[in-house]
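First, one chain by itself in structure tokens, the form predicted on its own.
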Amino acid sequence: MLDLTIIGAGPAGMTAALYALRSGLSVAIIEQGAPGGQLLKTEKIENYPGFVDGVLGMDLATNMFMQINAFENFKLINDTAKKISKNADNFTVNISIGTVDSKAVIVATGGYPKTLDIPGEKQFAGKGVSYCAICDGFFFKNKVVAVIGGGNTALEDAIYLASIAKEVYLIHRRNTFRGSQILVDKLKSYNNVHLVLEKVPVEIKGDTKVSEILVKDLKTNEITSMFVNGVFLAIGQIMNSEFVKDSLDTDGLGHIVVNEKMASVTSGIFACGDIITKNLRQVSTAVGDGAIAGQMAYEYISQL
């Protein structure tokens, strides 16, 4: 039996593994894809400490995995977690090809952004299309950008980008916002923010980078073109927590509820990274969450 099973090999899961491995625990990470999580979809990270010129997402993911893969007490299981069951003082994680037993479990499965599924979105991902204003906003200093959405995240993104970009267009399908009124009022105080209401994006265009977005008026069905250098999508995330919804507490958006020790409602199951309820989802915060989860899992196992 293993000491610890970690589900998810993003920056949070790999950091948790590092701390647990250095404490002498035997650790397995269950990951359905390549180690790295959202890092693999991020071309360059400019706001991770210690890299003056930024770091490529692929490079950071590779280095993180090489660091933990060097431990003899580590193994990677390429599979998908289906269910977690508690049996006395240990846990069983069901995967496609069988089960994995361990004394504790860390869930670090993260999530993925909702997409528009319109022409040009995939083509220009990382080339003007972004799902994270805080991550990529700096690249659009003094440029023209569009933010898609009407909730708090879209409003916050537009406010954040207003201090960086030359012009910000907030495109929303309704004439009212789902976000907080205080954010709406703050947004309207910026002269370079323009509300594009009752319209939806239908195509993103460009050459090597984004240069245009087509929007449809929901009243008239008229399609118009807007010049933009970047498009930021803020229409929500889908969390990878479906397999634990019956055993752990989650909020209305699917985030796992944990305390300051990254401990869930079930003793022995921890969670960290984007999958948990928190305010800021960045690589640096995922690493911090992972460090706490790995250390707390070690302390929990030590007391068994």
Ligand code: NAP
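Heads up, when I say rigid core I mean the largest set of C-alphas that superpose within 1.5 Å between the two forms. Numbers for residues come from their place in the sequence shown, where the first is 1. Since the model is a prediction, treat every value here as computed from it, not as a measurement.
One more form of this protein, predicted in complex with this ligand, exists but is not displayed; see below.
In the predicted complex, none of the heavy atoms of residue 203 sits within 4.5 Å of a heavy atom of this ligand.
In the predicted complex, at least one heavy atom of residue 116 sits within 4.5 Å of a heavy atom of this ligand. For residue 151, a non-hydrogen atom is located within 4.5 Å of this ligand in the predicted complex, even though that partner is not displayed.
Contact check for residue 63: every heavy atom lies farther than 4.5 Å from this ligand in the predicted complex. Note on the partner interface in the predicted complex: the residue among 209, 75, 174, 83 having a heavy atom within 4.5 angstroms of this ligand is 174. The single contact residue among 237, 26, 241, 32, judged by any heavy atom lying within 4.5 Å of this ligand in the predicted complex, is 237. For the three marked residues, 3, 87 and 302, no heavy atom of any sits within 4.5 Å of this ligand in the predicted complex. Exactly one of the stretches 221 to 229, 143 to 151, 190 to 198, 123 to 131 approaches this ligand in the predicted complex with heavy atoms within 4.5 Å, and it is 143 to 151. Residue 54: CA moves less than 2 Å between this form and the one not shown after rigid-core fitting. The two forms, fitted on the rigid core, differ between this form and the one not shown by 2 Å or more at the CA of residue 174.
Relative to the shown form, the Cα atoms of residue 154 and residue 250 move apart by 3 Å or more in the predicted complex.
Put simply, residue 134 and residue 41 come closer in the predicted complex: their C-alpha atoms are 3 Å or more nearer than in the form shown.
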